[in-house]
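Next up is one chain by itself, shown in C-alpha cells, the form predicted on its own.
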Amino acid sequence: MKIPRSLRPLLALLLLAAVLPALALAAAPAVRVQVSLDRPQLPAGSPQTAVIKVALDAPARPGDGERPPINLTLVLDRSGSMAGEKLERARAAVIEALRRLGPRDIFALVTYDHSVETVVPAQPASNSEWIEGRIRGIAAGGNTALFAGVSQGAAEVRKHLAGPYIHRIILLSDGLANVGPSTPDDLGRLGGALLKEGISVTTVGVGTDFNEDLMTRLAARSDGNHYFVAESRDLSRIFASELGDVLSVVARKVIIEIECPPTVRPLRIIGREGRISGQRVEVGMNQLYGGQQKYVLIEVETPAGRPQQTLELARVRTTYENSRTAKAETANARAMASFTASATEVRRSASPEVYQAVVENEMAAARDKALDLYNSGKREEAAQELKDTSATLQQKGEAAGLGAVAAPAAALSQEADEFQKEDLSSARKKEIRSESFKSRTQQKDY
C-alpha cells in the first residue's frame, strides 16, 4: 500500500513519538551517583577532617518492566530444634517464595542437619507442582552442619553461574553450627569467597539460639541481607521482603573507587567493609535494589587551607553492570571543599543528611564493639564505649550546629546501663546485632 505524500510527515512524527521513550529508557543510567560532604566549607588555617558521602540511588523498576531472571537457592535448617511449628512455617514460606518466581527463574532447595541433602536440584521454577511436593516432605532431623549446607547451596547456584541471572542464597537457621567449620571467621571467609563469584547470601535467624555473629558475618561479607525473626510466624513476611529485593535488582558488580590527591589522606571507611591503599579507597557491593539508596562514608584528612581556597578532596568513579541491559556503565564525580575564616560559614554549610548518616553508622559501630566487649566479659568497657561515643557524637553535632541531628546518640548512654548487667538476653543481643547490620548496610525494614 502506497502512503500518500501528504501523510508521510504525520506518520514519521507518530513513529518518532513511539520510539523516543524506548530510546530514552535504554540510554538512562541504572544508578544515579551523588557526592556530598559533611561540611563543604572547612575552617582555614589548620588541618581538618571531612566526611565524603557517596550515595547510589537506583530508580524503582517499573512494575511491568522486564527484570533479569533469578538464580535462587534456599538452604533450610532441618535440625531437631526446627521440629514442629517452626519447620511448618518455614515450609510454607519457601512455597510462597517459589510461587513468586517466574518461568525464567531457577530454584533449588538444600536442607541440612548433621548431613546435607539437595531436596530440589537447580531447575526452572515453573516445575512448581513437583517442587512443592518435595518441600512438603521435609522433616526435622539431627545436628546442624551449617557450613556444609551453604557450600552445597553454592554448588547449586554455580550450575547457572554463567547465565544472565541474579545469584542469591537464602539461609534459614534456628541453631548453632555444630558440625564442621562453625566460627564467624569460617563463615565470613566463605561469604567473601562467594561474593567474588557474584553470589550473595541472605541469612535468616529464627528464635534466640542461633549465632548472630556468624549469621551477620556471612551476610555482610557476601553483601546479602540479614533478618532476626523472633517468631516463626513472621517467616512469610521476611521471605516476601527478601524476594522483593532480589526481584528488583537494577545493578550488580558495583565498584566504588575513591582517589584522593597527594595532600589529602583517607583515614577510614565508616560502617562498611572496604580497602584503603595509599590515596585510594575501594568499596564493592554485589547488587543494588530499585527504589533504595546505598551509600559509602569515607573520612579524610585535609591540609591546612587558606581562606577562599578551593580543594579537590577526591575523584569518585563508580562502575557497575546494568542488570536490564547487561552492559557496563560508569559514573564519575568529584568531592570539592573550600576553606573559610568564618566559623558562621562553616556551621551554615554543615549537611544534616550527611551527618545523620555518620551518626547512624557510628552508633551501629559502637553497639557492635560494645557487644563484642560484653561477650568477652568486659561489661564496664562495653558501657564506657557507648557513653564515649554518645558524648563525642553529641559534641560534634552541637559544634556543627546540628544538635537535633545528633540527638539520637543520647540513646547510647541509656543503653550503657544494659551492658553493665550480667543478664543481657540472647534476644536483645540478636536485636542489637541485627539493627546495627541494617544501619551499616542501609537494609530496609521488612
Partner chain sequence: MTRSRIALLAGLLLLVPTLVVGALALRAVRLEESRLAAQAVEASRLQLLAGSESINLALAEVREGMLTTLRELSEDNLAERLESWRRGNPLLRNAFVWEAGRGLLLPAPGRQLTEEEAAFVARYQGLFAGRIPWEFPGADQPPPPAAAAYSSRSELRQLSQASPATAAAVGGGRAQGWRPWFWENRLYLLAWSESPDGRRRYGVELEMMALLSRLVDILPAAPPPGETYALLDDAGAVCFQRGPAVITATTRPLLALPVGPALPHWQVALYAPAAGAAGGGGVRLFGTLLVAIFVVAILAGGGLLLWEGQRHQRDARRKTSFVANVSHELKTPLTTIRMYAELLGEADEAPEKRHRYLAVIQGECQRLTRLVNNVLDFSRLEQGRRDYQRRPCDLAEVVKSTLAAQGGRLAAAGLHCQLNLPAPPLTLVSDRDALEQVLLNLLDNALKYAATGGELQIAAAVTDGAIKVGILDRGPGIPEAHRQKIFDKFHRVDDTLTARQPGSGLGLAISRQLLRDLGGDLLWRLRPGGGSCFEMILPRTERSS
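Since the model is a prediction, treat every value here as computed from it, not as a measurement. Residue numbers count along the first chain shown, from 1.
Although not depicted, the form predicted in complex with its partner chain is the subject of the following passage.
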(request) State the residue from 333, 176, 119, 179 whose non-hydrogen atoms include one within 4.5 Å of its partner chain in the model of the complex. (result) 179
(message) Looking at 151, 81, 351, 322 here, can you tell me which has any non-hydrogen atom within 4.5 angstroms of its partner chain in the model of the complex?
(response) 151
(message) Taking its partner chain in the model of the complex, would 370, 373 and 428 all count as contacting it (heavy atom within 4.5 Å)?
(response) no
(message) Within 4.5 Å, heavy atoms only, one stretch in 285 to 293, 155 to 163, 240 to 248, 129 to 137 touches its partner chain in the model of the complex. Which?
(response) 155 to 163
(request) Report yes if any heavy atom of residue 276 sits within 4.5 Å of a heavy atom of its partner chain in the model of the complex; otherwise report no. (result) yes
(request) Look up in the model of the complex whether residue 254 has a non-hydrogen atom within 4.5 angstroms of its partner chain, and give yes or no. (result) no
(message) Can you tell me whether residue 143 touches its partner chain? I mean in the model of the complex, with a 4.5 angstroms heavy atom cut-off.
(response) yes
(message) Can you tell me whether residue 193 touches its partner chain? I mean in the model of the complex, with a 4.5 angstroms heavy atom cut-off.
(response) yes
